[in-house]
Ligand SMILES: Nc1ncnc2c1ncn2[C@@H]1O[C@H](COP(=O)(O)OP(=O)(O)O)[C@@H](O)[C@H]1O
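For reference, the chain that follows is the form predicted alone, supplied as structure tokens.
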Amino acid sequence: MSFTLHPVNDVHRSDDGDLVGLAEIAELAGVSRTVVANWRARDPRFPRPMVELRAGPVFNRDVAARYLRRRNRHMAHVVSTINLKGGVGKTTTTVGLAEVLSADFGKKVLVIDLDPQTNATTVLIGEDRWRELNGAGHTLVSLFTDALRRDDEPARFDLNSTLQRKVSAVTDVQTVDLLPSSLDLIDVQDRLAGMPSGRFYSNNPTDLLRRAVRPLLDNYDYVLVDCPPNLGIVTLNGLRISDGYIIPTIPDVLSTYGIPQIQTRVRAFADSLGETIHELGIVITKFREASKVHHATLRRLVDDENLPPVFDTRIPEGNAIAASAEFSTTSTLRQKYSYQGGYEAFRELAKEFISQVEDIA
């Protein structure tokens, strides 16, 4: 069901913001009160009431409005992973979360690889399969090049052929799907800024991904978008569909330098959409317990109130985690990420991640 949010005039103020009942939520959504009552009974993500009065439950208006926007967009939790510096464990974090969410928590996960380096793609399906798909035009680059084609040229992107189902070389991982990337995205990004505007300016270069994947999103519990190490149009396409983002980073000066720039850019983009893209947190990667620099940088990140929160879990530096970037068949995640703390770290990170995401739902 699709609906439009309507303004509600008759609301009460409190220290917690505007308060609304089921009737006001129905008016916000433009549906009947019966429909809202059904949502409340059947959808576990329906907001909890602030108080139950004799006249009925009372909800925070902002929380109710966020729920309605989310219901109108998609049912999956969509999170982007971003850092302006390469080599910080961004893709390792994305893939590790996807695999643990699938194997250990029973979640259905879609990985969208927007990074031209294609690391998430090759980790999940291997280089041979990626070359086949790339040669056939079944990667996300076709989605973006279609937006640049002339009117007399046929479209190449086919969502069903591009979607790779049940990926990962880990036998226990059975519910991760992938939309693969391509090296050719490097050349496409700069050209997107000059794409034809379309009739009535209907073509928006930051809205291409959302329009393409909208039919898929309700099939998943989580969608993880691996963004390129920049804040260009391709990254904005990932943010356009995201409820929030995480910033994987090595705790050193160079890797963390661009975090305020990411925050400023994402907020400005979200404001332009009239949406909120939540700062879920900073994920510490490649952490060296013996490093004074790592500990000092970690303290600085935690203490800086202007930065996103820092996840408690730290992904340690280790050979098994570094080797996880290779497409190599294993039976279990414990075998892939080693018995020396890697697997346990990703599992604890997934628990935190789920909690953070559910808090903004």
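Computed from a predicted structure; not experimentally measured. Residue numbers run from 1 along the displayed sequence.
As for the form predicted together with this ligand, it is not shown, yet the points below apply to it.
The candidate stretches are 137 to 145, 88 to 96, 181 to 189, 261 to 269, and the one lying within 4.5 Å of this ligand in the model of the complex by heavy atoms is 88 to 96.
Of the heavy atoms in Ala322, some are within 4.5 Å of this ligand in the model of the complex. Of the heavy atoms in Glu27, none are within 4.5 Å of this ligand in the model of the complex. At the 4.5 Å threshold, heavy atoms of Lys286 reach this ligand in the model of the complex. Looking at Gly318, you'd find a heavy atom of it within 4.5 angstroms of this ligand in the model of the complex. Contact with this ligand in the model of the complex, defined as a heavy atom within 4.5 Å, holds for exactly one of Asn204, Asn119, Thr162, Thr175, namely Asn119.
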